[in-house]
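The chain below stands alone and is given as structure tokens, in the form predicted on its own.
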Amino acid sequence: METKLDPWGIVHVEDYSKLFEEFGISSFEDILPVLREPHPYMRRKIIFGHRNYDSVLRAMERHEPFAVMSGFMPSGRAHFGHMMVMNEIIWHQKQGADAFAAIADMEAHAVRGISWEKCRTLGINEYILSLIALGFQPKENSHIYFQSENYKMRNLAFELGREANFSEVSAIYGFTGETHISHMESVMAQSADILHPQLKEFGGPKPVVIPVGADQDPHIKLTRDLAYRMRKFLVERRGDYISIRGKLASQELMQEAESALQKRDFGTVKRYEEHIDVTNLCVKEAIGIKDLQEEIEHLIITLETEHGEYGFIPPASIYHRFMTGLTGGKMSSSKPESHIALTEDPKEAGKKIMRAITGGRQSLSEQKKLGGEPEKCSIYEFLVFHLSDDDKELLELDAECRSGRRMCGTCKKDVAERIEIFLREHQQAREAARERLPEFGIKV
């Protein structure tokens, strides 16, 4: 059966590897060896795929500007599934990224019909406090914002709307004649969220990574297309030469591009009516053709921005697996019994763990004989995703479960204790975070 990725629906992925072929998502395993100190989500294959994360890695390695951006729709309580995105934003911020976190109140109001007042209350009390408590830092180019209050983003959304048409957006999201205009506008706001860290106010074009679950991929694909459409030039390698295609460039801009290229020692520059070719490339041992193409791309982006254009770089993305709900299926904000909220009473959270569905067998004797299935267990997932820093411990628990030496009751008690400790500490940190809200420009 074909997988459907719906940002507002219920998505269950049986086999994440199918997303590589069906949606063009690349396997994260291919670039994992390049990371010196990967996040545990990367190391444990919780982050399974990416689009163009190579560009972010290069910026990270070279200490060049890059950014991380993601958002939270304030439609319910923040839970451990949301915490994955928070941790990924914070990790990239620690690697040197400008960090942007959006509270998608326009989306919540348009799609879920949640009042503006409730959006703000949930946004602050559920999401922002937890994000700060987990380690998000106030820095010059790091921002937490509400969509409705970010007019730079909203103005960009209006501009992006000129590059998207109704039939295209309807095909991507399944919109019909009954879909209201505000819902469609919220899609443009999502794309503007993703691209606005590249505005000149935030340092201009740079690689930006968006950490999301696979269900958000339609937003990523549309935004990458829009970024391309907003460009005046396309720089591409064609065999042994590089071509700069003037998609929408004026003759004046074409002439300036030709002049800028001729001033640099890239090779032989020849201009045609709609493109400029650089042949006889000056490829040296220290710099290959790929690096040369990057230099030309950087030159052209600089030229575009100097002429008042955006020069957007298509955003990168990383995709993490969904956490399994305590009742089976995907963990969901709309099903309180399926998740543990970050504001949950620790004792109640422990009780939920004790009631949760596990990867165990139907009976104790069957469990001892056949062993458990930790890959299907929501309790084991809590350890893998959040509650154990020790990879060796996880391997031992996995082996004990599969061999039938470890029973589900033992695991549940262990995880219940860990989750109660975590929640008590996190909720204390949230109270301290409340005092720091003005540091992030948040007015209560």
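If you're wondering where the values come from, they're calculated on a predicted model, not measured in any experiment. Heads up: residue numbers just count along the shown sequence, starting at 1.
Below, we turn to the form predicted in complex with a small molecule, even though it does not appear here.
The small molecule in the predicted complex is approached by I210, whose closest heavy atom lies within 4.5 angstroms of it.
Interface membership of M69, defined by any non-hydrogen atom within 4.5 Å of the small molecule in the predicted complex, is confirmed. In the predicted complex, the small molecule stays beyond 4.5 Å of every heavy atom belonging to N125.
Although the partner is absent here, E88 lies well away from the small molecule in the predicted complex, with no heavy atom inside 4.5 Å. Across the proposed site, A104, Q190 and Q216 without exception bring a heavy atom within 4.5 Å of the small molecule in the predicted complex. In summary, the region of this chain contacting the small molecule in the predicted complex, judged by heavy atoms within 4.5 Å and restricted to 159-167, 72-80, 114-122, 231-239, corresponds to 72-80. Of the residues S317, S130, S338, Q147, just one reaches the small molecule in the predicted complex with a heavy atom at 4.5 Å or closer; this is Q147.
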